[in-house]
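Below you will find one chain, with nothing else, as structure tokens; this is the form predicted on its own, and questions on how it binds or moves follow later.
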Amino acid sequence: MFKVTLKIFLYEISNIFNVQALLSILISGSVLYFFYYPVPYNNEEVRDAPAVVIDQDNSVMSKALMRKLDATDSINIVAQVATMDEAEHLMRNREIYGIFWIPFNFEEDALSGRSAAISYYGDASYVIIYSKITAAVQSVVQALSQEIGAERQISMGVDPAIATGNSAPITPIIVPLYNPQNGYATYVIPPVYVLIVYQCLFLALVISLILGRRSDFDKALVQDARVSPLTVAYCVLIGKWLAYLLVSMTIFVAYMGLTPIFYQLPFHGSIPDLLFFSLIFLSGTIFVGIFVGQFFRKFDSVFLIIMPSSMFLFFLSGMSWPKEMVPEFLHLLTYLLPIFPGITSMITLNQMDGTWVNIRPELIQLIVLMGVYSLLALAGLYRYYRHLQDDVVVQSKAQSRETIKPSEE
């Protein structure tokens, strides 16, 4: 049994590096995604989003307000236009992402104690840009309001220190935990990397099963009628698992361990934790791939059914939308695949400085999935090799009869 398992392990390792489809998906794809995917997010956060201003007041205060907005990291005032139609034309052409409208009597209303308004029209179809500009506007307007309030009290004879305190009685202190730069790359790259490794590994396994179906290598494994199909299935399962685990663990640890160095992302994990976690997570993924791969016969089916599922997995993982707000019947699907507890656990360990205690439910789920899918994969392989052995034995007997007949004649 050991020799057969070792033979299968070496055969699978050879296939991964020599079969073009497997090499392209598992090795080349992983390397390409590692360098390609984070490039658009190198700047981490939105900076200098272009905007225009319609300043009908044209006062000292309105100009000061525009200078303060332009001085923020998020906003770049690129022009002053005369009408809203002109500004909207620029917005529709995607030349700007924000319009600031300052009405007549803005300064007069502010200094006289009446409520003065500034309107911001943002392109909310770009949620990230819109929210960053909105936050910058709120911050600048709040600071200016406090400044005006303090100056008004000082002009009435109030001590400057007391006036400043009165204008801002409560100061919020906002601390962005686990994402100190408050950047998009820190938010999106780690979970997407887990999904990339999962999908590459899963696809490679499905394709390997399609390519190996009824191959000469498989027929040779069951050629001896005395060999139990269950023994062969068990050896194949272990051999495939070892081969793909070795390769995918190397990729996974490289992804999770080198990403923080390359892209300056937070990392609180450790290599031993990564190795142990990847052993469980990737084993579960391998067994799912072996089990599911037995239902596919053609390459076309893989790309028609599995490839579109990437968007579905991305949605259910909670990266684009909170999992708690996903419909309950879809949320139940997150208990069936290892990718979902895998992403949650990896973020908890690597980014949130969590411990194994913090991911206990996800860890239990991964172990249960690993056990269930390994049994299902074994059952599927046993069924396949039993039928294959019957066919091989029948063919062998037919060939023997054909060989004997001429010699008798």
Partner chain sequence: MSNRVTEATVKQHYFSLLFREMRVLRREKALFFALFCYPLLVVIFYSALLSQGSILQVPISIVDLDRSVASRALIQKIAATPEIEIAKRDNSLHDAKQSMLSGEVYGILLIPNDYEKHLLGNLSPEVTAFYNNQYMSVGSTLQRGFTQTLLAVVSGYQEETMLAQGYARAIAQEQLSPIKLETHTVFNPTLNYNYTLTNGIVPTLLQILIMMTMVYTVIRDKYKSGGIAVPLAMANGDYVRYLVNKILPYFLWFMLVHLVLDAILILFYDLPVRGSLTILYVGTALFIITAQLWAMIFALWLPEKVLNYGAASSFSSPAFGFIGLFFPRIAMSWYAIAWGAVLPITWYVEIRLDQTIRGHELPYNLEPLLWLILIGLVTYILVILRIYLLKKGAKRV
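Residue numbers count along the first chain shown, from 1. Basically, rigid core = biggest C-alpha set you can superpose within 1.5 Å across the two forms. Owing to the predicted nature of the structure, the values given are computational and were not obtained by experimental measurement.
Keep in mind that the form predicted in complex with its partner chain is missing from the display, and what follows is about it.
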> Residues in which of 217-225, 314-322, 256-264, 278-286 have heavy atoms within 4.5 Å of its partner chain in the predicted complex?
Replying inline: 314-322
> Would its partner chain be touched by all three of 4, 332 and 396 in the predicted complex, meaning a heavy atom each within 4.5 Å?
Replying inline: no
> Taking heavy atoms and a 4.5 Å cut-off, does residue 32 contact its partner chain in the predicted complex?
Replying inline: yes
>> Under a 4.5 Å heavy atom criterion, is residue 39 part of the interface with its partner chain in the predicted complex?
In response: yes
> Should residue 238 be counted as a contact of its partner chain in the predicted complex, where contact means heavy atoms within 4.5 Å?
Replying inline: no
>> Can you tell me if residue 186 lies within 4.5 angstroms of its partner chain in the predicted complex, counting non-hydrogen atoms only?
In response: yes
> Which one of 105, 142, 83, 270 is close to its partner chain in the predicted complex, taking close to mean a heavy atom within 4.5 Å?
Replying inline: 142
> Considering its partner chain in the predicted complex, which of 368, 54, 352, 376 comes within 4.5 Å of it through any heavy atom?
Replying inline: 352
> Are there residues in 135-155 with a heavy atom within 4.5 Å of its partner chain in the predicted complex, and which are they, in order?
Replying inline: 137, 138, 141, 142, 144, 145, 148, 149, 152, 153
> After fitting the rigid core, is the C-alpha of residue 108 off by 2 Å or more between the shown form and the other one?
Replying inline: yes
> Once the two forms are fit on the core, has residue 88 moved its CA by at least 2 Å between the shown form and the other one?
Replying inline: yes
> For residue 333, is the CA shift between the shown form and the other one at least 2 Å following rigid-core superposition?
Replying inline: no
